[in-house]
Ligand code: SAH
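Here we start with a single chain on its own, the form predicted alone, put down as structure tokens.
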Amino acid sequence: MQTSVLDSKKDPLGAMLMDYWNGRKQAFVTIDSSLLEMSQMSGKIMFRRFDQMSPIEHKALALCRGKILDVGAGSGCHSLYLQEQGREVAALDISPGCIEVMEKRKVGLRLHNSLFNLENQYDTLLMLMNGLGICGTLDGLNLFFQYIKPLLRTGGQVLADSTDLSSLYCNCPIIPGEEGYYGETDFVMGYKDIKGDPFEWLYIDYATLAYYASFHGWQCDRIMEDDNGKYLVRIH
């Protein structure tokens, strides 16, 4: 779990987004993973408009209510849309570069912090782009369900997406064994001569997520799912 903000010297994503904002439209970060074959993330994707977003993103944005926290806001594309709709939204990110880009894009309220350090309360925690990944591991997911209790007002909700990676291995669900859960991975991002520190990232199947949520007293409803195993949940 990432509980601290990034140093600007180890912020490849923020540096790439700043370059994209300043006109380098082919900018992208490289991504190394111990589990997945991922090669890069482009600035174009991070700056997408509402009409370029996925149906899962559209649905999540429509379900937002009350005071909203956009967790891992990146370039601020979701926050900007909500802001344009007259919604009360705060954009949270650990990246100093992302915060600077969002300031230039006129995102109204920006928080340079980690979700796990906050004390304010919200009606909606919005966690998109495999947003539950910030939990890092199943142990981190346990901690996540404890952390969010004081962050949510009465009747509050988490709108989050993740991806079930079981289709990468076989046609049936995988039961985590002694070697660990199959959705636990790690990433290292790079851009130009900037290399970030390795960080853990979690992709979790819906059944496992619902089990952990129930254990901690939460209800987890699957709202929709696409053909690639990505799904949206409402946790309340």
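Remember, it's a predicted structure, so these values are computed and weren't measured experimentally. The numbering used is simple: start at 1 and walk along the sequence shown.
What comes next is about the form predicted together with S-adenosyl-L-homocysteine (SAH), which is not displayed.
- Taking the partner from the other structure, S-adenosyl-L-homocysteine (SAH) in the predicted bound form has no heavy atom within 4.5 Å of any heavy atom of T163.
- Proximity of Y191 to S-adenosyl-L-homocysteine (SAH) in the predicted bound form falls outside the 4.5 Å heavy atom cutoff.
- The shortest heavy atom separation between G140 and S-adenosyl-L-homocysteine (SAH) in the predicted bound form exceeds 4.5 Å.
- Taking the partner from the other structure, S-adenosyl-L-homocysteine (SAH) in the predicted bound form has a heavy atom within 4.5 Å of a heavy atom of L128.
- Just one of V158, L132, C77, V101 comes within 4.5 Å of S-adenosyl-L-homocysteine (SAH) in the predicted bound form, counting any heavy atom, and that one is C77.
- Here is the short version: of F116, F145, Y122, Y81, the single residue with a heavy atom within 4.5 Å of S-adenosyl-L-homocysteine (SAH) in the predicted bound form is F116.
- Not one of R153, T208 and V233 comes within 4.5 Å of S-adenosyl-L-homocysteine (SAH) in the predicted bound form, counting any heavy atom.
- Residues C77, H78, L92, D93, I94, S95, C98 of 75-98 are found to place at least one heavy atom within 4.5 Å of S-adenosyl-L-homocysteine (SAH) in the predicted bound form.
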